[in-house]
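Just one chain follows, in the form predicted alone, and it is written as structure tokens.
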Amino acid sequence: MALKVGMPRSLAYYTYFPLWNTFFKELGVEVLLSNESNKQVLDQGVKETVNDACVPIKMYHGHVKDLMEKVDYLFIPRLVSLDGEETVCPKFLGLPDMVRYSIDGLPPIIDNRLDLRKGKLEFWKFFYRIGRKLDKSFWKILMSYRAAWDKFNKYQSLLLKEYSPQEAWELIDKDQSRGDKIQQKGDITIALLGYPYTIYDPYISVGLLDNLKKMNVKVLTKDNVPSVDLLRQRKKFAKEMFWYYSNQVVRSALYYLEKPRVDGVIHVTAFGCGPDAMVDKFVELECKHSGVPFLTLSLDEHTGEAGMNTRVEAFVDMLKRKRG
């Protein structure tokens, strides 16, 4: 019987799922995802997490609880630097320890460290150590690593064609990774900015992405911006922030405001997120400077769908009237 590795459907899952999932499957390991986010998962997480954690961290703990009795290992990597320069936020850095000391009775955790500041070979070393932990041979690990990157590159290509992560995963599963660029239509265009685990998790974001599309809005996100254009925006910073995902949000905001390319900007932030206290104000000031309307949506475990929809509908109506 194949080993089962549990992967919580939260946080970096929205960035790296095709890479990690393909690697484990090519190794001959069964990957089990937690259920999609829902109230029960969140309630479980709230019970287990420290009080001052943001809602994505609470949700992550709920996903761990959902998986822990179904798998042989939990995959909770210690992500430190994803681009070789910046780090992720402190709660990401300590995530394996936070989970380990918050929840009793866990199966063994695969918590290998990924810190690309140590050099270009760190990604390979990261996967090699995981493969050896699962008692796989060098060649099996190497072939799995190559297959994983092939799938991940196709995934990123689809995101640039304006597919959502879910749509991209489905196309890759059907071996249709050469999908044409989506021709989104809409009365107006909105940049929906925030961390992948807030804007793409339909429960945390209260279905915001789909609701905007139903309002005939063309929605663009950070993942639709080529990495070379994000790096170009970096030169506009007098001083960068420490955190990878925060800088990605700010750079994508500057990209969309450059011409500007959008009619409005919505920034989705999680209540209690320390880095977002700066990111939100920075994006607001840049929008004001560019004359582009801006809306902040702050989410927590008590966010109600009706209140959220009312604010978003009012913002969209205002943009449509402004456009005429």
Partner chain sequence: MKKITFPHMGSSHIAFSMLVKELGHEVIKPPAPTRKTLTYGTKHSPEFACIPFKVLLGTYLEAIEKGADTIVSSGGVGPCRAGYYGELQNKILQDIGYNPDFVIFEPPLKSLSDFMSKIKILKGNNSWIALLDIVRRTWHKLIALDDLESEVNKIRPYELNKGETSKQLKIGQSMLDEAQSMKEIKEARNEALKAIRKVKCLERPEKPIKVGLIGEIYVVLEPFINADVEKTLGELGVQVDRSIHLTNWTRDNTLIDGEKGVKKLARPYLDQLVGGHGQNSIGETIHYAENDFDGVVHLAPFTCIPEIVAKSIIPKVSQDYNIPVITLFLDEQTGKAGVQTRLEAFVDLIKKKRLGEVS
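Positions refer to the first chain, counted from 1. Everything numeric in this text was worked out from a predicted model, so none of it was measured.
Below, we refer to the form predicted in complex with its partner chain, which is not included among the displayed structures.
Contact check at 4.5 Å (heavy atoms) against its partner chain in the predicted bound form: none of Asn38, Leu42 and Lys161 pass. Between the options Met98, Ile172, Met215, Val71, the residue in contact with its partner chain in the predicted bound form by a heavy atom within 4.5 angstroms is Met98.
Though its partner chain is absent from this view, in the predicted bound form it lies within 4.5 Å of a heavy atom of just one residue from Leu27, Ile266, Cys273, Val262, which is Cys273. For Gly94, a non-hydrogen atom is located within 4.5 Å of its partner chain in the predicted bound form, even though that partner is not displayed. At a distance threshold of 4.5 angstroms between non-hydrogen atoms, Lys140 is out of contact with its partner chain in the predicted bound form. Among residues of the shown chain, Trp124 is not one whose heavy atoms approach its partner chain to within 4.5 Å in the predicted bound form. Although the partner is absent here, Tyr145 sits far enough away that none of its heavy atoms falls within 4.5 Å of its partner chain in the predicted bound form. Stretch 238-246 is the contacting one of 224-232, 145-153, 238-246, 195-203, since its residues have non-hydrogen atoms within 4.5 Å of its partner chain in the predicted bound form. Scanning 134-148 for heavy atoms within 4.5 Å of its partner chain in the predicted bound form gives no residues at all.
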